[in-house]
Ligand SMILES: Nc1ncnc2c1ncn2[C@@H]1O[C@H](COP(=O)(O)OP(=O)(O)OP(=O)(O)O)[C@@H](O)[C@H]1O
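Here's a solo chain for you in structure tokens, the form predicted alone.
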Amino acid sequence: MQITSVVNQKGGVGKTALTVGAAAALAERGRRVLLIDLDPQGHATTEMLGLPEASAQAPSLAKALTKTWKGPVEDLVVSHPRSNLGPGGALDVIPTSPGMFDLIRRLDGFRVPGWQLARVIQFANYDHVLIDCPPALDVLTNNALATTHGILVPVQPDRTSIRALRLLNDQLAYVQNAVNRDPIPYFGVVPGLYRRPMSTYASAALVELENFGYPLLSHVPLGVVMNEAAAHGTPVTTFAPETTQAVAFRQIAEVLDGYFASRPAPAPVPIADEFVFEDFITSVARTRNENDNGARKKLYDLMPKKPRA
């Protein structure tokens, strides 16, 4: 299972469109694909794919990440019904949920922040997992970077994207240090959201982006077809398969599939075995209540007592 994070802390660079387009193109190639909507704004779920958020009562990504729900990953997944699939292919989604906005504060309190997403998806059965990261270098993005095998970075050909790329590199170094993992490779940089023909300013910025030395993948220029596809809750590869954007997503999918086919099986992602005091108390209380005579059933009996003066 190859995990790709689509990441850029700069908003409005086409990150969600790239995640959905690449995921749909991989499914079209006959790959089993899981798209994780890690962005609390949920644009991949609702705007791009026309799916509902997970309800407050149902299992959700937010509950799984904070361990308030501990079921199998399959219970979080919904299938996208309006995508062209190749033989054996699938496009499944872990949608956003109402609790996502509160996650940053709650995950920051974990003893070993960074491995929660890896724990949730470690037993998923897919060829590719694509993670739509939030437009921020926060604990959610760190979770994606900790577990990923490589990143796709959408950029606009302008100077602000150059600065954003430098900041992203600083964050990659921080995460690699914090969780003691191997360097995170760039699967590619994807220029997009510019008008054709490209202006002199955009061309000069693109040259600067090339100087970073990362693989520069197919461009995804602006086009009203992207909005039209989203309005139908359908990937552009299905909605308008002959357009420049659809062709670009297929070329990007081919690159990702090339990494998937040629690289050795990745080493297992280390999962922090966190000691959660609340879980311990609950477990002990349940065992005691099953075995005693019902006379002592209050959790405070398990808590350390202060010595009397």
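All residue numbers refer to positions in the sequence shown, first residue = 1. Nothing here was measured: the structure is a model prediction, and the numbers come from that model.
What comes next is about the form predicted in complex with the named molecule, which is not displayed.
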property	result
Proximity to the named molecule in the predicted complex, single hit among Gly89, Pro185, Pro98, Pro135 (heavy atom within 4.5 Å)	Pro135
Single option in Val189, Leu107, Met226, Ala118 placed near the named molecule in the predicted complex, where near means a heavy atom within 4.5 Å	Met226
Any non-hydrogen atom of Ser60 within 4.5 angstroms of the named molecule in the predicted complex	no
Close approach of Leu38 to the named molecule in the predicted complex, 4.5 Å, heavy atom	no
Leu193: touches the named molecule in the predicted complex, heavy atom cutoff 4.5 angstroms	yes
Touches the named molecule in the predicted complex: Met48 (any heavy atom, 4.5 Å)	yes
Contact stretch among 167 to 175, 67 to 75, 214 to 222, 141 to 149 - heavy atom within 4.5 Å of the named molecule in the predicted complex	214 to 222
Those residues of 6 to 41 which, in the predicted complex, come within 4.5 Å of the named molecule by heavy atom	Lys10, Gly11, Gly12, Val13, Gly14, Lys15, Thr16, Ala17, Asp39, Gln41
